[in-house]
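The chain that follows stands alone, in the form predicted on its own, written as structure tokens.
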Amino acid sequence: MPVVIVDGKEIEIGASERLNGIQAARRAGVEIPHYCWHAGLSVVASCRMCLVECGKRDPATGKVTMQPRVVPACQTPAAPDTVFITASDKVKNARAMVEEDLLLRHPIDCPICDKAGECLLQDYHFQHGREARRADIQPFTSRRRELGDTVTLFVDRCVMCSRCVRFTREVSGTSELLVINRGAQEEIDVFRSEDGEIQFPLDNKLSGNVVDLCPVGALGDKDFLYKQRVWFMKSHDNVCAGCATGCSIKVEENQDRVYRLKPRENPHVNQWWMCDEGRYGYDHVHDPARVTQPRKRDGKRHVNIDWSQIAPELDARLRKAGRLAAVISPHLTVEEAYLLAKYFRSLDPQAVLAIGPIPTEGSDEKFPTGFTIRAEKCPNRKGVEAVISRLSGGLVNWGDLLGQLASSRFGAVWIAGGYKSPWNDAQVAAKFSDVPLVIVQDCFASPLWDRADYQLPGATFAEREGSYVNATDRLQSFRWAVRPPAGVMVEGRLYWQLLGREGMYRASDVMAEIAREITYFSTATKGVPDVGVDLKVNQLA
């Protein structure tokens, strides 16, 4: 195998791999500082923070010949027998000089900067900067410039890495951002008229990613600006439930309140990005209109009921109801869908298992690098369909079930919702008028919720644990990020109780059971890695 030498340590690389100095050093456990380089963007080598010493080892004699000058690691290929030195005095002095130059004109306004606590300029100054400031402290301004509806620019904080400009050209393909002026007067801006009015604002469906890309506090997210200090928040790995792409994300919260969603790198799903619809689509988690009290019908009104009564009471009524049907929402996890389906089939071996409505908007939108926003606005259609198909021997959709209500005499219908926008109307609710027992789990009131004999408040994506299967058959598992509001029980926990299983509900235990029982999920037997499991290699059974 070809090798690269990083600080005297030999690192094996694949014969067809194309790595640069930064990537090769990471394999050796060495992090080379950098501002302008990003694995998902083109290389410009403009910040010079990643300067290293570089040379070549003769494979025959072992003699190493070094170049006389330091070179940017981001732009230097890690070819076989390349030698990188990342911590010599020459390298340290080069990095200190870069840091010193950036701080000559950078406003030291860290106490009021949103990036404080996760700023590379801060981190690199302490790690690689000079011990004392040599230049005079100059007064500074903090000019703020609007770029669009979601992003604002603090002009004087910019270090001109140009990541944001390259993103709009190479990833979103919209090219709204550009560099104006030259030399020390360079600034980031959008296209403006002669009188300064914005002609083409930063207004693409991926625009929030430029804030993630910014290594300093120059680009601010208007939705998050001045709301929370990053060191107060906890970050949780999760999966976006906004569409069938299923982006790997981080949910960042403080005291069970979500403050922002950020993309998590996953080369198989979303690369390094997420769309604005998913990024800002979490308001329903804390919507004051959410239903948070379980209730049951008492004559013409609904009365509150305690959760401790619900499982035994529902179980008793369902066992006497006769023919059963369950509507399983594509917003439920694979594990929750499996438990609900398993429970209904245990009560009635002929129970109808139907998948809930599949919300769609427009058509799939694909960007230049392959990132796709799906028209299907639910996270787990394929996972739910796989469970239903295996446990019932066929697939019934929402429309099919509504059609059966007129001809079939169901004794009880359980409807799992979890949609964040309206999904049923009075006409749909009227179709259930002859069903003796209707149980609805949902996050918001609706005509069908009002019709229900039992109203059970459900959880949102940030409050549950489990797995989703996205549009490309990739299974991703995640843990809950925030606790649900008081009065809400996560669906999986309720289904676990109805099945009479002992102990606490753990999604990972249920997934292990599913992997043994349903061939489609068999590759998840040994757990699910951070990037998920490809299920295309399996066949539905």
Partner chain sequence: MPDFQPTLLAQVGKPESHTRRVYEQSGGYQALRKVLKGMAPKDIVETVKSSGLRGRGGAGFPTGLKWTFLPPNHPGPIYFCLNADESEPGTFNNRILMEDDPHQVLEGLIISCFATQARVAYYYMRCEYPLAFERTTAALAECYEAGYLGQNILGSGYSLDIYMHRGAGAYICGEETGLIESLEGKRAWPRIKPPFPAVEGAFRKPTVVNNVETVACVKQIVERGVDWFKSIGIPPDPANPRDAGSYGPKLYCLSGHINRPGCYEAPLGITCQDLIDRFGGGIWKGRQAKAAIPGGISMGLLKADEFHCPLDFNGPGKFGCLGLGTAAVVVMDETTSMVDFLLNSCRFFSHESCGQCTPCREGTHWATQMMTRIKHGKGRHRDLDLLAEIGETIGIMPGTTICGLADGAAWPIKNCIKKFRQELEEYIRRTNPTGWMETNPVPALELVGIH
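None of the values given here were measured: they were computed from a predicted structure. Numbering follows the first chain given and starts at 1.
Keep in mind that the form predicted in complex with its partner chain is not shown, yet the notes after this line are about it.
Visitor: Could you check which residue among A512, M489, V70, A28 gets a heavy atom within 4.5 Å of its partner chain in the predicted bound form?
Guide: Checked against the cut-off, the match is V70.
Visitor: Tell me, out of K205, R257, K320, R133, which residue has a non-hydrogen atom within 4.5 angstroms of its partner chain in the predicted bound form.
Guide: The residue in contact is R133.
Visitor: Are V44, R48 and E186 jointly within 4.5 Å of its partner chain in the predicted bound form, each by at least one heavy atom?
Guide: Every residue of the candidate spot has a heavy atom within 4.5 Å of its partner chain in the predicted bound form.
Visitor: Quick one: is Q75 in contact with its partner chain in the predicted bound form, heavy atoms, 4.5 Å cut-off?
Guide: The answer is yes: Q75 has a heavy atom within 4.5 Å of its partner chain.
Visitor: Should I137 be counted as a contact of its partner chain in the predicted bound form, where contact means heavy atoms within 4.5 Å?
Guide: Yes, contact at 4.5 Å.
Visitor: Would R301 sit within 4.5 Å of its partner chain in the predicted bound form, counting heavy atoms only?
Guide: Output for R301 is no: heavy atoms all beyond 4.5 Å of its partner chain.
Visitor: Using heavy atoms and a 4.5 Å limit, would one call N181 a contact residue for its partner chain in the predicted bound form?
Guide: Answer yes; at least one heavy atom of N181 falls within 4.5 Å of its partner chain in the predicted bound form.
Visitor: Which of these stretches, 408 to 416, 448 to 456, 104 to 112, 341 to 349, has heavy atoms within 4.5 Å of its partner chain in the predicted bound form?
Guide: Checking each option against the 4.5 Å cut-off leaves 104 to 112.
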